[in-house]
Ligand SMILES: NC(=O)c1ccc[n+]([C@@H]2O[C@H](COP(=O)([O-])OP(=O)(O)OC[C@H]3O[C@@H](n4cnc5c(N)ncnc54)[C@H](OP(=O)(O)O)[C@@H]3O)[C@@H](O)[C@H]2O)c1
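In the block that follows, a single chain appears as structure tokens, in the form predicted on its own.
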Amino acid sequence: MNNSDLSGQRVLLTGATGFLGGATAVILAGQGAQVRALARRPEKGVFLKSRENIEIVQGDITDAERMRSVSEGCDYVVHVAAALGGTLKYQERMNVEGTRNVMLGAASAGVKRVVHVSSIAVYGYHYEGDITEDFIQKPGRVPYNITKSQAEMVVREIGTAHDVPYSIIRPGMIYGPRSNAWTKTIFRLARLRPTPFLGDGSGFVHPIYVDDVVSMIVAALTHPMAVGEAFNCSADPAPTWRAFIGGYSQLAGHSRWLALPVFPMKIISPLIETLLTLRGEPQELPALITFLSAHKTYRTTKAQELLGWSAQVSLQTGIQRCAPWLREQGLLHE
């Protein structure tokens, strides 16, 4: 794919001040795209302000009229913004209705294509083995999983009804500099000596380095074979939790592992799940515990064959690339 495909093109990017959104903004702008970076709180986008080809605009995906306004004059839309937690009602407003507003805004602007960033969470926790894009989605009871699956349906419905070309990508656990969940939090766990974890860590995990996700976004924006398709974006083959967390432990200077027994957690997890459900945020903890030890891989064969995309950053390289940022955060010491 030729990077010049996006040169001079105006791209509306939602969630631009977040982890993935920020990385996407920088790479798209570096390829010559004119990025209209949507942010609920523009002050969070300080790291983008000094960069060429990036215009930060205030806006909220739950505001339908604003989404129509900011979509005007855009050639492409990349929809990254999403609520990662909260009640089902809150996440429906953000992830489902917000996506509806993004798609209707794109339709009114007559954009060339929308790339919607979904998640492997849409498959739920209960599959084993190789998981491909044509598997039936079984999001279960988890609000995030449910609403990301519903958001995909909205993209397809509006895309078809309003003739808006779209592509959907389903990333795994995105890590890299500025990642709170899969870099900062995991590193804090990994630097404990020994590093505690449920079981021996032989279950499969599904990390993907942020730059590889952005390269799939770019491919999905520009490749003719991406239209109307969904693509897994995860480590294939999948590494183990021991390799993933252990890579961060090595960064911290040790390799000690404390295998916590799984059985007691399986006993108490239904109680914790009941409390989470009463709070309106069920997480299917019993299934999630099984998920941690499962051997499953979200295959990326489809992206390789249709788009010529494959992950370029190995787990070891990706973790090493996190080191300077972890030092800036005061978490990694020489």
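Note that the structure is a prediction, hence the values are computed from the model and not measured. Position 1 is the first residue in the sequence shown; the rest follow in order.
Keep in mind that the form predicted together with this ligand is missing from the display, and what follows is about it.
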Among 241-249, 115-123, 130-138, 190-198, which stretch has residues with heavy atoms no more than 4.5 Å from this ligand in the predicted complex?
115-123
Is A220 close enough to this ligand in the predicted complex to count, meaning some heavy atom within 4.5 Å?
no
Would you please decide whether L20 lies within 4.5 angstroms of this ligand in the predicted complex, comparing each non-hydrogen atom pair?
yes
Within 4.5 Å, heavy atoms only: does G318 come near this ligand in the predicted complex?
no
Can you work out whether T290 and this ligand are in contact in the predicted complex, taking contact to mean some heavy atom pair no more than 4.5 Å apart?
no
4.5 Å heavy atom contact with this ligand in the predicted complex for all of R100, G105 and A161:
no
Proximity to this ligand in the predicted complex, single hit among L88, M225, V96, M173 (heavy atom within 4.5 Å):
M173
Considering non-hydrogen atoms and a 4.5 Å limit, which listed residue (V154, I186, A82, V205) is close to this ligand in the predicted complex?
A82
Who in 216-235 is close to this ligand in the predicted complex, meaning a heavy atom within 4.5 Å?
none
